[in-house]
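Below sits a lone chain in structure tokens, taken as the form predicted on its own.
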């Protein structure tokens, strides 16, 4: 089912959640696995100050906001640095 990325149109919030939950869950698990791999790898302490890792952590904080505009805010994190 192809849906607009900017507006759910006539879909209810429940419809959007039904349509995207499994995809979002899979992406979150993949991100968690990536962070775990970094933590377990040799030299993990050396990359803790890496700007790319900071971007990931800052993005996760942004995703915790409850108001709309999170996608734009995350995109701006990457474009302003």
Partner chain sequence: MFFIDPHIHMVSRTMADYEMLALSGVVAVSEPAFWAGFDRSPAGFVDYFRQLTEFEPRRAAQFGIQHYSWICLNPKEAEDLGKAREVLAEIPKFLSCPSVLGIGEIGLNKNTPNEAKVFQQHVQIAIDAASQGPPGSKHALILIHTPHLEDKLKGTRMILEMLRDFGSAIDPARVLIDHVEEHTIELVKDAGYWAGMTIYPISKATPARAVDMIEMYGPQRLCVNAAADWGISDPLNTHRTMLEAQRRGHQLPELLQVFHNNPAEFFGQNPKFTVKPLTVQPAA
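Predicted, not measured: the structure shown is a model, and the values here were computed from it. Numbering follows the first chain given and starts at 1.
Another form exists, predicted together with the partner chain; not displayed. Remarks below refer to it.
- For the candidate spot formed by 50, 56 and 60, no residue has a non-hydrogen atom within 4.5 angstroms of the partner chain in the model of the complex.
- Using a 4.5 angstroms limit between non-hydrogen atoms, residue 30 touches the partner chain in the model of the complex.
- In the model of the complex, none of the heavy atoms of residue 72 sits within 4.5 Å of a heavy atom of the partner chain.
- Under a 4.5 angstroms non-hydrogen atom cutoff, the partner chain in the model of the complex has residue 22 among its neighbouring residues.
- Of the residues in 34-63, those that come within 4.5 Å of the partner chain in the model of the complex through at least one heavy atom are, in sequence order, 37, 40.
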